[in-house]
Ligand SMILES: Cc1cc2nc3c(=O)[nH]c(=O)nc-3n(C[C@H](O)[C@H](O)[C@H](O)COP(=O)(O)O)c2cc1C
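Here we start with a single chain on its own, the form predicted alone, put down as structure tokens.
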Amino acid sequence: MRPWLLLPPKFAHDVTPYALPFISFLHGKKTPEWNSFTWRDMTFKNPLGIAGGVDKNAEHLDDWWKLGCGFVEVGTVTPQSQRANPGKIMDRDLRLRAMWNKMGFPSHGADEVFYNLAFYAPNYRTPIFVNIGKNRNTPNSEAVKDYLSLVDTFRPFADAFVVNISSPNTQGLRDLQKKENLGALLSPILDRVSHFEPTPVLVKLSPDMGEEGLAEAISNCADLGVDGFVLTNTTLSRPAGCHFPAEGGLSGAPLKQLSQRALQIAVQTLGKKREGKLLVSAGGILSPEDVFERLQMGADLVQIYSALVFHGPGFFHDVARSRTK
């Protein structure tokens, strides 16, 4: 029984932050250890975590740790606070096991997220990735300034940065994935992190680029020196019988094949260059079997979002129990 599925999607989304501490208190346990590994001085007790967008403002890290996350990605964080896009911004389809959103980086802004991370810093239990994005009113020609300001702000607390240039809900953002724009954006970011104790930089890519476009983006990013990839963001494609609007990103089961193919392309494209790179798979992962499949396909880490809606917050420990059967 999943009573939250009886609630309107937006209402369920809005009340979750209030319910999460209670849920983690009732069901929280020690972080399960399975498939543990170390990468760039980060130890992952298990390879399963939350995707960007679940805890946008780093307000519930302790709850996620209790619920069994092996790592946490917060954000997307923008330099200045901004509201969600106007109008209806989310919906779900139980039959398709699909979620739709056109939120567009709602964020309390860098200052508040910095405060939240500073509060949790003495009690870090897992690696923390900070997903960073530009404000919607920042033109692409000046986007690098937003990303650099976020790198400077969160360098003390981020174990890794995830550069989000693939959300379909910020107009023009995906243009930053093009070859002519990648270098101008990523080179200054990589140069900035190298001036201090280096912090890994991952790039989150779109599933809608086509196989050649995705392979080219992965190759270009690797040549620039990025440390890994998050594959993938939500999709603008729609399955048959889908009632959602054409705009906005779709996640859940309809994203599964696109995300799997993106992971395959990344493994094939990187080849020998794969050594030392981190591959994070996200999209359409709704069962423990889905998690294990992505790991077998070559993912180092796996992220969930829709599974928390369609399965529930016990997913992390359910996966761990399945692993030990």
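Worth saying up front: this structure is predicted, and the values here are computed from it rather than measured. From 1 onward, residues are counted along the sequence shown.
Not on display, but discussed next: the form predicted in complex with this ligand.
Look at 38-46, 260-268, 281-289, 63-71: in the model of the complex, residues with non-hydrogen atoms within 4.5 angstroms of this ligand sit in 281-289. Although the partner is absent from this view, S206 stays clear of this ligand in the model of the complex, with no non-hydrogen atom inside 4.5 angstroms. A residue is said to contact a partner when one of its heavy atoms sits within 4.5 Å of a partner heavy atom; Q177 fails this definition for this ligand in the model of the complex, lying far away. Looking at F105, you'd find a heavy atom of it within 4.5 angstroms of this ligand in the model of the complex. Contact between A51 and this ligand in the model of the complex is found at the 4.5 Å heavy atom cutoff. Taken together, T78, N140 and T170 are entirely out of contact with this ligand in the model of the complex: none brings a heavy atom within 4.5 Å. Between this ligand and the residues M99, V113, I128, A217, the one pair within 4.5 Å by heavy atoms in the model of the complex involves M99.
Shown without its partner, the chain has T232, N233, T234, S251, G252, L255 in segment 225-255 as residues with a non-hydrogen atom within 4.5 angstroms of this ligand in the model of the complex.
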